[in-house]
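In the form predicted on its own, a lone chain appears below as structure tokens.
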């Protein structure tokens, strides 16, 4: 019996829930929200679609007490990102919200995996780790999974290649300091820089523009429609599936570094092996010096921001 509790039934949370229903992700899905009436309405709406699906998933509105036997608690609760607002500016407001979530989840007896999607996700995941006291592997965030998917889609379009055959990662903060370590990107087995050398119609300047488009995609979508939710909803699904099915998949989640790259404690987007125990292994990339500097600068930014927080009593 695979059980997920979703905390936060806003657009991101419900995009995840809808994707989970269509992908038959789990056997039981519980919706929790401070607005209990909304959670009940969302559960009712999803249940009305069960007859059209291939699943018999049990979906209902619940409370934190329902977390006790859950495999995963997905946290999407928090205030939304405003047009022109950076993810880091969301931090203080969302910290106060998380204080009211994490403690009752732990008190329920929950012993599964925390999967955080609330922005700024790297810091919110680290906050969840601090508030819960859980082990490093059992508290993870969506990190740069969506950014990596965006990058693969854009590169696939540029090179006219199936994005599933583009291999590479967006790493660092899920935000303004994220970047693509191009030394790690391949088209099939071929390094992308070799493809540039062999085919003059492809240029590094174009790749730099693609990287910039990936970095600012959320701002563009927010300006156009007010929020981003479909892509991240499906990204949450992908990470949750890796956990529930014990896949040992490599995903660019936000996980706590424990000495990789000489960095400790910081939660940041980096390739990790994900299975039913959470983030069980960090993949330390052998990057060029410039790329390593970019990564460490991103980590320093996240670490400083976290250390400036006032947690209070």
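Since we're looking at a predicted model, the values are computed, not measured. Residue numbers count along the first chain shown, from 1.
Only in words, not in the display: the form predicted together with a small molecule, which the text now covers.
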| property | result |
| --- | --- |
| Option from 160 to 168, 130 to 138, 92 to 100, 195 to 203 whose residues, in the predicted complex, bring a heavy atom within 4.5 Å of the small molecule | 92 to 100 |
| Of 243, 155, 77, 237, the one that lies within 4.5 Å of the small molecule in the predicted complex (heavy atoms) | 77 |
| Exercise: residue 7 in contact with the small molecule in the predicted complex, heavy atom 4.5 Å | yes |
| Partner proximity in the predicted complex: residue 228 to the small molecule, non-hydrogen atom cutoff 4.5 Å | yes |
| Residue 33: touches the small molecule in the predicted complex, heavy atom cutoff 4.5 angstroms | yes |
| Contact test in the predicted complex: residue 38 vs the small molecule, heavy atoms, 4.5 Å | yes |
